[in-house]
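One chain follows as structure tokens, the form predicted on its own.
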């Protein structure tokens, strides 16, 4: 089972330069989602005039489904400076892949807890590390997109854009660099990376 917890509200607010379009995922029943807390927080943001629209649906990790729904809400998304996604890391990465020219941010951290888990057929994966790095890396998880799970940048072993560990795999950090360049956030690579607290992976209540 997974548990998603809201990030610190002030941290999320700091990501919104102007206005945000919000996406909620209520799909996987094996994911504990803080629905009440998320709804209250989103109402606060709306009262502050920071929300252009809200989309709530099941399984935003389904690329065809999310692409259709994003297309229907294009005007609201275009009006927003960023998209806030309230879901596990897989959902955030799926939305990010659909909106390549838009800043997409995770509003939750994802924790693993004992029990059964669903299986996604997608290429995206979430390490459930409890301190999501997607907001620093353009919506591409460095722990799963990089064979070495590096969080502080490219190792230098990539050749022609391919990973030295798996030549069939595109270098995750080259993908991250391209993504950040597309959304005008290359400055994020200058920020020091917070050292991971591995205890977060077992702290979910």
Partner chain sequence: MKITDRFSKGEFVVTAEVGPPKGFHVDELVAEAREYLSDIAAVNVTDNQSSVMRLSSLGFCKALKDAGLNPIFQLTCRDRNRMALESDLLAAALFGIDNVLCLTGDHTKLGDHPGAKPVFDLDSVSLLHTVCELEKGRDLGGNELVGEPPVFAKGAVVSPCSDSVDAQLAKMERKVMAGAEFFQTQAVFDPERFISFMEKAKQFNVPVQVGVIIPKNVGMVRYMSQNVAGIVVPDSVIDELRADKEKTKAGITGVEIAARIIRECRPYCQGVHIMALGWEARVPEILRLAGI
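These figures come from a predicted structure and were not determined experimentally. Positions refer to the first chain, counted from 1.
One more form of this protein, predicted together with its partner chain, exists but is not displayed; see below.
Of the candidate stretches 34-42, 172-180, 53-61, 66-74, only 172-180 contains residues with a heavy atom within 4.5 Å of its partner chain in the predicted complex. This chain is drawn without its partner chain; in the predicted complex, the residue among 185, 196, 19, 9 with a heavy atom within 4.5 Å of it is 196. Its partner chain in the predicted complex is not approached by residue 46, whose heavy atoms all lie more than 4.5 angstroms from it. At least one heavy atom of residue 154 is located within 4.5 Å of its partner chain in the predicted complex. The closest non-hydrogen atom of residue 14 lies beyond 4.5 Å of its partner chain in the predicted complex. Its partner chain in the predicted complex comes within 4.5 Å of no heavy atom belonging to residue 145.
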